[in-house]
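Let us start with two forms of the same protein chain, each given on its own as structure tokens and named structure 1 and structure 2.
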Structure 1
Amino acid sequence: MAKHETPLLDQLESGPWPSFVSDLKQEAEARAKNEKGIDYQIPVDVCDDLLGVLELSFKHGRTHWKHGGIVGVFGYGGGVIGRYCDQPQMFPGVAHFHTMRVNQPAGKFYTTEYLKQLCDLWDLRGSGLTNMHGSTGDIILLGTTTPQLEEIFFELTHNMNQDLGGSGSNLRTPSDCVGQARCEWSCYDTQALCHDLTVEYQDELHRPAFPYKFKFKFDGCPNCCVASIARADISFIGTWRDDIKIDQEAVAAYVGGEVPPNGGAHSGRDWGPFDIQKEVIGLCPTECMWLEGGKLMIDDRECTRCMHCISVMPRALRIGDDRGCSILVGAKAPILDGAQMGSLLVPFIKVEEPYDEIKEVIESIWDYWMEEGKNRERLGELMKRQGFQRLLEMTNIKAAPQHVQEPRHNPYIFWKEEEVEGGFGRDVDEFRKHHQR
């Protein structure tokens, strides 16, 4: 028998898509039954009360959660989000319902052994509810009480060799795409770079010292499966400098209809026979491809590596061998000054251990942002406020046409004194000898 009636939520149990309501109810029931005889360290009816408070929100059209208080684990300034219910008398099971962010492994591969260990911990010391995963990438353990925080952290670090993720004004937990682990398009090892930088910058991740949040994301190719270009203060997007590799026999197989185009992604509709002219050559944004005697030719110098031809004919076309990544900076969601896409800062950099050159770029950006950024100002907003030139200056990167979509529309150039012959200091009396007042 459910603790609270939930007639509104119950309507979200039918329909084909997995129902979170059914899952919450199954967890509430499992806790009530407690077949394993667990000595639950937080209220046994936490899931019942979560259903109850959510039903109330569905009725009121408003949330019933208050701001987080300052809770956390000793020595860290992030990784725990305090959360309190604004109706604790009605729903005592979720009166305190703090979140812990657990730093996910790069690539989000798991063994069941690890996941079961995490489940056991969260059964005992938390609500039994998680997000797999939060938007930034962490494993989210949803709902526990203050006295459990240190205990959970102790168990994570001692028994699972596992640390918390970031929250607040610090480096947020970096995340990456599946990368070379299972993708032929990945131009560098996203997992290796993501993991290395996460470990290198543990202090920045756990101890807030930044003006605001800061995100790294790692995409193996310009298809950007983790959306780094839209949401990371620094996005590392794989690319290459040499030629796309062509297997002409496989091209012929696509043309002959022996292999489905686009990796079979369009099989749900009859789009007619594959037309290489229309679907590949005609859609190339730089028009750098053509057919010559049945062979596909590419003027690679003109290619901007958009991935379309490679995506349509994965068996025939492969990324080049001189690989690395482009670094784009300043992407963010709209709060506060409007959304920003990442802007290209480093057109190409090799991704090779120990990644010193990449770390140099990161640290020069941080030095600049920590010096000049205002409270709650993202890197992208600082760049807008002070200009792209300032960023180039601070990172010691030379301006190049690749940095802009097009040159400036106005001639209002802020010439620096040292750029103008003779400087700015002049003698007005000398001037007046030739020009009367």
Structure 2
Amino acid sequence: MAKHETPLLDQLESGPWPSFVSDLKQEAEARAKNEKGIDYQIPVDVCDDLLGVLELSFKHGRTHWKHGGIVGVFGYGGGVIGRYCDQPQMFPGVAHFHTMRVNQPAGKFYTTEYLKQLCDLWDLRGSGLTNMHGSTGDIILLGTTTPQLEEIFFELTHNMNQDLGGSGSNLRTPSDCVGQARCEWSCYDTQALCHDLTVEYQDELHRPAFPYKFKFKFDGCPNCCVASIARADISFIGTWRDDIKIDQEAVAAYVGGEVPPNGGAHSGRDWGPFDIQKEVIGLCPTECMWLEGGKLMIDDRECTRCMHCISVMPRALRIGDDRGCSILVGAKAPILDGAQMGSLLVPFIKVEEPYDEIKEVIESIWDYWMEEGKNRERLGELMKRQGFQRLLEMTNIKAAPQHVQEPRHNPYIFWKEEEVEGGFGRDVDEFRKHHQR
């Protein structure tokens, strides 16, 4: 029988989708019965009290969690997010309810044996509740007590060869898409780059020294399956420099209805016959495609590699062979200054071990941000405050046409005195007067 009445939470079980409330109740019941005979190291009623405190939060319209301050494992400044309930007498099972972030493997590939070990560990020393995966990419282990932190850390590192992830003002756990392991569109090995940079920057990951959080995310192609362009301070998005490959016979098969578009995936609605003009050519953002004599033509000089046409007609269109990635910087969700998408910094770079060119870009950005960034100011906010030109100067990257968002939006063309003196046949004062007019 439930320990707390939860009429408000119960409403969340009434919708058409699976509910986390049902999962919590199931776990609470399993821990109460303890048919496996587990010697629980934290209060047995942790899930019951979690339901109770959430119900109270719904009732009061405010949270009943308080931040845990400094709590973690020896030698690490990140990886553990401290949480304490502000009603410990009413809900003793969640008086401590710390979250641990565990560094997920590249591509999120697991063996069943590993997952069983992880679940057994968390059943014993935690609440049994996990989030696979958090929006940042980590394995999220939800809810344990302070005395169990070191025990869990020891088990993870010594017996499972597994490290904690990042939290706080540090490099957050790098996260990547499945890449070339499963995806024909991946333009570089996302898993190899993600793993290499995770290992390379262990100190930045575990010992917070940044103005605020910093995220790497790796997308193998512009379809952006880990949404790096919207969330990563530095996003690595696969692209190619040569032409899209076209199979004209397959194009004709799509037009003739012999091959279904979108890889045969449908939303359940009958959209009628495939219309290449309406569904592909008319939706090209740069209008670089057209039909000529029944053949699909592409002006690749105008193509921005958005992947829409390739995604709709995967048998007919293929990514090019000269592959690498674009590096974009400054994306974030709303913090100080609203949401921002990533801005293109490096239009194209080859992704080849040992990735020295990529690391030079990363470290020059860090040097700039750590010197100029204010407390709790993300890279994107620093760029907005000081201008894109300043970032180009600090990274020694030359301005390129791809840095221009739109006509008359030139973030880097500002003349300096040493650049214009004598260049206009007049001194600097005359140049200023001319410029002001």
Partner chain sequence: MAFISSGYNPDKPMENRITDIGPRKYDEFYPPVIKNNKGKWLYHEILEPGVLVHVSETGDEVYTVRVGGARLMSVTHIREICEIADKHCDGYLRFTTRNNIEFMVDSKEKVEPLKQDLTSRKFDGGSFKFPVGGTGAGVTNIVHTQGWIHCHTPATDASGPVKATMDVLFDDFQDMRLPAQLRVSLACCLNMCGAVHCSDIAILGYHRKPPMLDHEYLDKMCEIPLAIASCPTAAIKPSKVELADGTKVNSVSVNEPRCMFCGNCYTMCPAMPLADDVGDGIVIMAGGKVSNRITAPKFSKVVVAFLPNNAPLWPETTDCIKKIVEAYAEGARKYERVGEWAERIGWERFFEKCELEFTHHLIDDFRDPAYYTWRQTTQFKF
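Definition used throughout: the rigid core is the maximal C-alpha set that superposes within 1.5 Å between two forms. Please note that residue numbering is based on structure 1, beginning with 1 at the start of its sequence. Note that the structure is predicted; figures quoted are calculated from it, not measured.
Shown as structure 1 is the form predicted together with the partner chain, with the alternative form given as structure 2. Once both forms are fitted on their core, a CA shift of 2 Å or more is seen for Gly293 between structure 1 and structure 2. Relative to the superposed rigid core, Gln11 shifts its CA by 2.5 Å between structure 1 and structure 2.
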